[in-house]
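Below you will find one chain, with nothing else, as structure tokens; this is the form predicted on its own, and questions on how it binds or moves follow later.
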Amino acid sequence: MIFQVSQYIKYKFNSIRSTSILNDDLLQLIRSLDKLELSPHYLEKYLKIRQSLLENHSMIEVTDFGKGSKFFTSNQRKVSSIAKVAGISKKNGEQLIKFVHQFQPQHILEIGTSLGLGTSCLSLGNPNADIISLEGCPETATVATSLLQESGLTNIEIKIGEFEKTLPEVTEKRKFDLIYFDGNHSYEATNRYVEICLKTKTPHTIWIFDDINWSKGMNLFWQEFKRKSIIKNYYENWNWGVVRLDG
């Protein structure tokens, strides 16, 4: 928590001078989001999905393969509590819907389904996309599957298992226009996932890394990765690091 506070102060200071490298189509895409007015149908549906999780007080046993939680001391957790502290925020959810709506990726991979809130944003952004979402915890995946089915979001396939096993399987013969990294927020794991996913890129691929200031390790990963030669351009804010890969 101390790290996040200090990073946020630095972020606010540096943002005055600009913290992003934006050009070409990525610049146009990011700038278009502020002006985009989505149909109320999509936003209302997203808010309804989000509220259903916040009102779900069922207890589940969370299997955590990542860095663990900063908020929970037990693996027995209420769905509503997980949604409140670990789910995508209302603002970021709306931004993700807008981003996907503008970009219109046809093949999407999400690494880290959790309860399915971010997954629903991907689907609402483009209901015609083919979406694969990976989740390590069986019980959160069950909650997500029920939520998405009840919401009529049918273009999603959830694969359950440790990412070290499921990620190589889904990337073996597939290409993805968009990959949303929201799983194990550690330096080592994220670097491994990136190496596996590189073979899936297309000339138009965009990757979004969530929680780039979640920890020292995640921040270090982002600071290193955004400067790699495979990056055509990038955008960053407090929560996200977005890269256009050099195809």
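Everything numeric here is computed off the predicted structure, so don't read it as measured data. Heads up: residue numbers just count along the shown sequence, starting at 1.
If you look for the form predicted in complex with a small molecule, you will not find it shown, but the lines that follow are about it.
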The one option of 56, 205, 184, 219 with any heavy atom within 4.5 Å of the small molecule in the predicted complex is 184
| query | With the partner left out here, if you bring back the small molecule in the predicted complex, are 177, 196 and 242 all within 4.5 Å of it by some heavy atom? | reply | no
- Is there a non-hydrogen atom of residue 161 within 4.5 angstroms of a non-hydrogen atom of the small molecule in the predicted complex? yes
Check your understanding: Wondering, does residue 88 line up within 4.5 Å of the small molecule in the predicted complex on heavy atoms?
Key -> yes
Exercise. So in the predicted complex, does residue 105 come within 4.5 Å of the small molecule, heavy atom to heavy atom?
Worked result: no
| message | Does any part of residue 131 reach within 4.5 Å of the small molecule in the predicted complex? Heavy atoms only, please. | response | no
Among 79 to 87, 168 to 176, 145 to 153, 97 to 105, the stretch whose residues bring a heavy atom within 4.5 Å of the small molecule in the predicted complex is 79 to 87
